[in-house]
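One chain comes next, on its own, written as structure tokens: the form predicted alone.
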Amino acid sequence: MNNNENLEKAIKQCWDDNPTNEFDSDNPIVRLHEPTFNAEEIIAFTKQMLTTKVTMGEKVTEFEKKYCSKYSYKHGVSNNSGSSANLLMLSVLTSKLTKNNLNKGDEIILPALTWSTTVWPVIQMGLIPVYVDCDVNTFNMDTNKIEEAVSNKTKAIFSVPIYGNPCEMDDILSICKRHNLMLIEDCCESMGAKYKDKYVGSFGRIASFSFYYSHHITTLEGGICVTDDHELSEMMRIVRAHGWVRQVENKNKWIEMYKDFDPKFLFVNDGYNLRITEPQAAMGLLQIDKIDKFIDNRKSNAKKYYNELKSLGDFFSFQTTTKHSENSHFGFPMIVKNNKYFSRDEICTYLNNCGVETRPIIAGNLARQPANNLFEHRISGKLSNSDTIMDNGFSVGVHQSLANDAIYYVTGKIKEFINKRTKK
């Protein structure tokens, strides 16, 4: 047996000896997330480490091309997180080298119900976030509220399909067309989701996805920006790595433009170090092959949750999948309706004490967070639905490894809790 075979055998044995996602009815724990990787990815990661080729190179390029091929995106530029993907998108869209770019002081309409790193890159680039309310059923931006928020300073809409649920893209595209607005998509929670048989991330000028541990697939940390615009993808390669032209596909363009500079060390824009690594890409190449099964499992698990809990409609409302869409289910969210028996915090505490992890829905109404007091922003209309979800919403895990026994344990504990409260 050679060294590689010994390595693989040892890793497989270690993995088998330490199961991470089996449900134990004697010690029940139901986590929000379980790893999408197993010994196969650990072996690929380790083998790549052993080559000592670890900084961004051929594996990363292979990973980007495979991901784009999977979802029919033309160009993909990977980076070190979904948050960095948003930063990279906004950095490039505000660059003076980008055609039809955004400028400081431009307003960007985005949902109040979102994660912080949808908003921070907007303000970091000198743009002004405009918060709008969501639809209480789909959790996505209410397109009527988007229309109301448009001003003469509005230059873009930043759509966010919440918890894997596609936005009403026809309505959003219609608004963009009427007001000559750019569409940017933050799809970090919604990999593999579809609107009218078209994958999210395919509708705007540019889109982001995340490969964080808790998401649909993982490279531990990681993200990617996708676009059909080759020039944008080239600028992202520049900004991703220090403003350097080293990794662009068409170096000659820049070398001819700046002949007095060493072509190996030519910097044409400001930039960051947002690069992903070769071992992560080796892991990601395997994850792409598994994502369809993972999403199928999430869909099946969400359906089981709903079927078990729909009789409790007096106490809960559930996210409604947008018409003509396929939800890729980041989690299973629930809203506690106003009732005299219990609050959201009380049922979450009960579930947590029973070994069931819960969490708020994203960051709730981000416009309420104290950080907003530090920067210019605008709130369009009331954000009552976002407040309702923030104050009364929670989610439980719907991940790919969730066993039926775990689902029935969670739903059983919810029913048990309600029976105890309503019989008092």
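Because the structure is predicted, anything quoted here is derived from the model rather than measured. Numbers for residues come from their place in the sequence shown, where the first is 1.
This next part talks about the form predicted in complex with a small molecule, which is not shown.
Although the partner is absent from this view, residue 212 contacts the small molecule in the predicted bound form, with a non-hydrogen atom inside 4.5 angstroms. For residue 133, no non-hydrogen atom is located within 4.5 Å of the small molecule in the predicted bound form, even though that partner is not displayed.
Residue contact with the small molecule in the predicted bound form: residue 160 places a heavy atom within 4.5 Å of it. Using a 4.5 angstroms limit between non-hydrogen atoms, residue 117 touches the small molecule in the predicted bound form. Checking 182-190, 319-327, 195-203, 166-174 against the small molecule in the predicted bound form, the stretch whose residues place heavy atoms within 4.5 Å of it is 182-190. Note on the partner interface in the predicted bound form: the residue among 398, 366, 362, 389 having a heavy atom within 4.5 angstroms of the small molecule is 362.
Checking 129, 284, 333, 82 against the small molecule in the predicted bound form, a heavy atom within 4.5 Å turns up for just one residue: 82.
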